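Shown below, as structure tokens, is a lone chain in the form predicted on its own; questions about how it binds or moves come after it.
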């Protein structure tokens, strides 16, 4: 995916100005930067929910979007929240529900299939959001700080869930985060923006994601922290 000369203005203020970036296919690109630098705006431009100037070229057609907070329909059960996004892709009802059952087993929530969102913990609800995005078989996955505000142990479990789901299909992924450790652990490429939305640091990590030696990546970690100061 190529983003070229992207400009977005809210009133007179530009949030992104002549912003260009290339996202590698079937890899995870993590974008870090201070609040207000345009990270979420970039995701919204890609999905087409905000007007912009410039050009976005992508081959991917099916887009999944996981937000900071779970965006589940409160009047639908866990299973039906997932089944809803499958209706256009799978006409056969049994095929849809087989897919729902498989993905819920993958995220350890099969027992909650008939539960409603208001009965779930925050971590469980976010697992459902991840399950829904991957059940849709997105070829482009956008994540906007999906683990923000979670305690360390829950964040680790959800990162494990994300990685297990990602490894099955490897969609092109843009992952917005403030957490350098998340980026080091999950990214194939890390891109850091400054407060004006300009790229100030970019690095590719060349070994297997998720199981990286923290000592080996100490220099990159230090460089990322330096670039966001």
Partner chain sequence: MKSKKEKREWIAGAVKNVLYPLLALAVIIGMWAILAAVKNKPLLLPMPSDVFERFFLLFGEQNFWTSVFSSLGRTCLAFALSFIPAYSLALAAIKVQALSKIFDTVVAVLRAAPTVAVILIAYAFMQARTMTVVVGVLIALPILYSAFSSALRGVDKNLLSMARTYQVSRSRILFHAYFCSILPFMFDISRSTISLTLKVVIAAEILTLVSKSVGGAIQVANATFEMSYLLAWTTMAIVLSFALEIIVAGMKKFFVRWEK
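It should be emphasised that the depicted structure is a prediction, and the values quoted were computed from it without experimental measurement. Residue numbers count along the first chain shown, from 1.
The following text describes the form predicted together with its partner chain, which does not appear among the structures shown.
Although the partner is absent here, residue 47 sits close enough that one of its heavy atoms falls within 4.5 Å of its partner chain in the predicted bound form. Its partner chain is not drawn, but in the predicted bound form it has no heavy atom within 4.5 Å of residue 94. Contact check for residue 136: a heavy atom falls within 4.5 Å of its partner chain in the predicted bound form.
Taking the partner from elsewhere, residue 63 is found to have a heavy atom lying within 4.5 Å of its partner chain in the predicted bound form. Heavy atoms within 4.5 Å of its partner chain in the predicted bound form belong, among the stretches 28-36, 47-55, 196-204, 179-187, to residues of 47-55. For the marked spot (148, 150 and 163), a heavy atom within 4.5 Å of its partner chain in the predicted bound form is absent from each of the three residues.
Although its partner chain is not shown here, in the predicted bound form the stretch 81-103 places heavy atoms of 84, 85, 87, 88 within 4.5 Å of it, in sequence order.
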